[in-house]
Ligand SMILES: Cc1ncc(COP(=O)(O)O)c(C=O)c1O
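Next up: a single chain in structure tokens, the form predicted alone.
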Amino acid sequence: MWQCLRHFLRPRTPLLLTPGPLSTSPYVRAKMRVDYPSRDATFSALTTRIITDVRALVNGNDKTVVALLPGSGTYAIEAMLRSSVATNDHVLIIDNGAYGARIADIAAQAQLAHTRQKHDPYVSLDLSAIEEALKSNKAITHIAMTYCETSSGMLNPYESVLQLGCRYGKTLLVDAMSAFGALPLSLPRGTHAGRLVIAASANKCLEGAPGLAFVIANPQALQATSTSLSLDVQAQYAFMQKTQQFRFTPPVQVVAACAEALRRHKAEGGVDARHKRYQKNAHILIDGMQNLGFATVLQDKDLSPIIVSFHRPPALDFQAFYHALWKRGFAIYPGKLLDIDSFRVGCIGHVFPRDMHRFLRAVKASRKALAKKP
């Protein structure tokens, strides 16, 4: 019996060293084998537990809004913008990569007043430029940014930008998809209680399955009405508070997987423990890849423990390299930066230091095999 179960739970694809979707534990995957009726008390208890656990991760209280949304992380980012920014507001959007650009695209589609401030994707954010924009444009009411820009692996100074926002009376909208559960996030208290709204996902650092996203905020950070029906954070949260149910059909198996992922996150030791594991993964990866002749795209001080971009050596065909690694049990991602040849390797998901050592051996073997080909 156990042999059959182990065979069923064993991954049939390579380990995903990507920014997402990610490799999940067999325990999380097992939870998706059960079909739940979405109006049943058992399922409602799962959603209630998720809200409680997510609140705890941001040091929230029983008044903290945690809206659960069926969909990818981008759904949460759009919901955050449409539910936080009123028609007379103005958003300063920090764009230093593909996901900052996506925020700007959403704002344009939603016809929200905004200023798109482009930054060099290869160096740390210019905080003085952000502050100057806040000083010179009095119409700005919100700042929007990514915490970890996974198109490059850049770790943005979220806490410094939040402090700037609080100092100038602005609300920060943060895309925390690739940070939530592994990097510090805490809702401000007191006079700054409404100065942060977080968009996050069950995927990524929580190590759940894709398909469930969150918007987290203190109530005063959200406007009374949204410019979207299905992405209305206030309406979704109010309905769930009243009925313990989603307004629209939820991804029930994904919700169950998220509840298990949060339970295992807590058992591992929470944010600090997960950060330490990912940081160790990243150190092993970076040191090993550099020893194999691969240079990181970013400077050491800007590297995140989430995903790392490496320059592609001119003689290395990425597709051939990708398939060689796939055959050896690993999947990586191509680069997302348009002006340089690069590829990305993730450090997150159900991945451990021993896996990074195995990956490095696979990289060495793959390059050796490709070098032998005519």
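All residue numbers are counted from 1 along the displayed sequence. Treat the numbers as computed from the prediction; the structure is a model and nothing was measured.
Heads up, the form predicted together with the ligand isn't pictured, but that's what we're talking about next.
Participant: Among 215-223, 170-178, 124-132, 285-293, which stretch has residues with heavy atoms no more than 4.5 Å from the ligand in the predicted complex?
Facilitator: Partner-contacting stretch among the options: 170-178.
Participant: So which of 227, 115, 253, 72 reaches within 4.5 angstroms of the ligand in the predicted complex, heavy atom to heavy atom?
Facilitator: When the ligand is considered in the predicted complex, the option within 4.5 Å is 72.
Participant: What is the one choice in 77, 197, 261, 205 with a heavy atom within 4.5 Å of the ligand in the predicted complex?
Facilitator: Only one listed residue qualifies here, and that residue is 77.
Participant: Taking 158, 183 and 305 as a possible spot, do all three reach the ligand in the predicted complex with a heavy atom inside 4.5 Å?
Facilitator: Answer is no for this spot.
Participant: Although the partner isn't part of this model, could you tell me whether residue 99 comes within 4.5 Å of the ligand in the predicted complex, counting any heavy atom of the residue?
Facilitator: Yes - in the predicted complex, heavy atoms of residue 99 and the ligand come within 4.5 Å of each other.
Participant: When the contact criterion is heavy atoms within 4.5 Å, does residue 148 count as touching the ligand in the predicted complex?
Facilitator: Yes, residue 148 sits close enough to the ligand in the predicted complex that at least one of its heavy atoms falls within 4.5 Å.
Participant: Quick one: which residues from 18-34 get a non-hydrogen atom within 4.5 Å of the ligand in the predicted complex?
Facilitator: Contacting residue: only 19.
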